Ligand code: C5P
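So this first bit is one chain, no partners, the form predicted on its own, shown in structure tokens.
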């Protein structure tokens, strides 16, 4: 096999509840993930033993690292080390998922790199083995392998599927600049210094809404504990959210650590109307539409 291509989706958080930092510095999370039909494509080609490279095109290509700090490269190196293979790989990534937008683009590319290299090298690793490696790479990487709807606990890396119905139409509004996750969590800690030490839990109102598959109920239940911190760091986000809500979005929420804004709509026609309105409003840099849930990273060649 000379080239393996993997298509891998963006991640959104329908609910994100955050606890106080643990001794290891990570925040305990209770989140509901959904994979949406906004995809990066990762290709893996053979390279000389010990040679790991990456090239990037598309959305945010100028700010994605091309060295060993790239999460996809780290994924390939980790798999090669654990599987004891003396192989290299040339990775190429075409991005549609925004960089530093709260959509787990880097984590999704890492999940794709694990799958692509596993197929390229003929390892036939189990999904459980790959998920274990994914958890070492980052909190969102295991979910990006699994996709669909799922609950994330721990620091987000402990993933379990949930009973949910329905398909959802989303409109995504991108900010002009990204935000670093550590910066947002630091602001969250500063704003939330008096919070008790209770473990975060997924609200039952959100789980009940997903079980019914009612987009109106899901829209009302959307929640993100990090949103006040994100808006504090990027005040213009508030204007974007207000515009989408005034235009009739069923619900709105900042994606993960932001600064992308998510709007849930009633159907595809409503999504088109909202996307057109946002595009001409001047309150965001770029608008995309996507539906969910969809499966996680998948080999397509």
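Residue numbers count along the first chain shown, from 1. Since the model is a prediction, treat every value here as computed from it, not as a measurement.
Omitted here: the form predicted together with the ligand. The next part is about that form.
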Options 217-225, 93-101, 199-207, 176-184; stretch whose heavy atom lies within 4.5 Å of the ligand in the predicted complex: 176-184
Taking the shortest heavy atom distance, is residue 282 within 4.5 Å of the ligand in the predicted complex? no
With the cut-off set at 4.5 Å between non-hydrogen atoms, does residue 147 touch the ligand in the predicted complex? no
Exercise: residue 155 in contact with the ligand in the predicted complex, heavy atom 4.5 Å: yes
Might residue 43 be said to contact the ligand in the predicted complex, defining contact as any heavy atom within 4.5 Å? no
Exactly one of 54, 38, 29, 271 has a non-hydrogen atom within 4.5 Å of the ligand in the predicted complex; which residue is it? 29
